[in-house]
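One chain comes next, on its own, written as structure tokens: the form predicted alone.
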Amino acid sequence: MKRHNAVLLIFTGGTISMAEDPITGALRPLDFERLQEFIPEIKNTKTRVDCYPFDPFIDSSDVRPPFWCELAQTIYDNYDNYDGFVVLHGTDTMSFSASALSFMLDNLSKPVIFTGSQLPVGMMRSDAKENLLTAIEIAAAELDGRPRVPEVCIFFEDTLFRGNRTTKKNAEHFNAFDSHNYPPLAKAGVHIKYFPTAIHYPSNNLPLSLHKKVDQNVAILKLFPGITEHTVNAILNIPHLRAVVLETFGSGNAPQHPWFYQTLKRATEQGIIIVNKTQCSSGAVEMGRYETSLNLLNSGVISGHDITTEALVTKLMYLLGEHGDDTEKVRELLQQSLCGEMTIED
């Protein structure tokens, strides 16, 4: 007789982990027993669902790298006991957390599905129920004895995305996330339709490896018309700064002020890593296509290709933590797709 698959449900916080108090009407954290009162279908699944609550819960706006380390450690410690993991997380920084875990959980071969909701469970039109039940089903799903989606993902409304390809796009509607530069991994309707050509399957049988060294000395410099030399210098001269996400225009373009390129060049020569990331939701950086990005290339700026800001920030923190003393190694790995976070055009 086939055993039932087991999924660990990790409560970290967020709207999906809250419900209205029946007396005061205020939102308060749920425990697993009360969650099952709102979603009794959990008991009726063919999957054994266990619960691991963070204490205290954390609002997603307060998420920091130590939280990612604790979450990754929790999955690592329970990895052999479960077929998949579902992480209940607030939506505001979910894409950052999913991206971070995609780098920290090396050689992952089981599903880690992030989900949440726009409305608390128990409210009349809450999206929590469908998001959670479908995430559990995906985390437990197998084909020929192998997990259907052995990577870090986000499931929201009716779509499964690769976690490190996502961005929160909507604060109002239920379709809160999108993956502008990579197709969905699955769509949920009457049936869940998986798209195997989009899913990353491990090419080896190496054991899960946990990486928790993180360097937070990263900044984002977003360009805008009229940006001043003082502003650019203020960011590039932050004490202990190691790397900068340079959010540029279009396909990676920037103003042609001589002071701008000279400032960037000085920074890169001092060992600060600067990565060119387009401000556009869709598309990629094409260094050298226009003269304005060719100047960036000559200043030592690296192309971010089609990576999201969320994935780039967390990738930088991860690489600097792991290889911080070897700037050239970090620059080299930034040009490689480590876990499907960007597309490298030939």
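The structure displayed is predicted, hence computed values, not measured ones. So that there is no doubt, residue numbering starts at 1 and follows the sequence shown.
One more form of this protein exists, namely the form predicted in complex with a small molecule; it is left out here, but the text below deals with it.
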None of D92, D83, D158, D215 but one has a heavy atom within 4.5 Å of the small molecule in the predicted bound form; the exception is D92
Answer with one of S97, Q118, S179, T248: the residue that has a non-hydrogen atom within 4.5 Å of the small molecule in the predicted bound form. Q118
Might S293 be said to contact the small molecule in the predicted bound form, defining contact as any heavy atom within 4.5 Å? no
Does at least one non-hydrogen atom of D59 fall within 4.5 angstroms of the small molecule in the predicted bound form? yes
Interface stretch in the predicted bound form with the small molecule - options 283-291, 59-67, 38-46, 300-308, non-hydrogen atom within 4.5 Å: 59-67
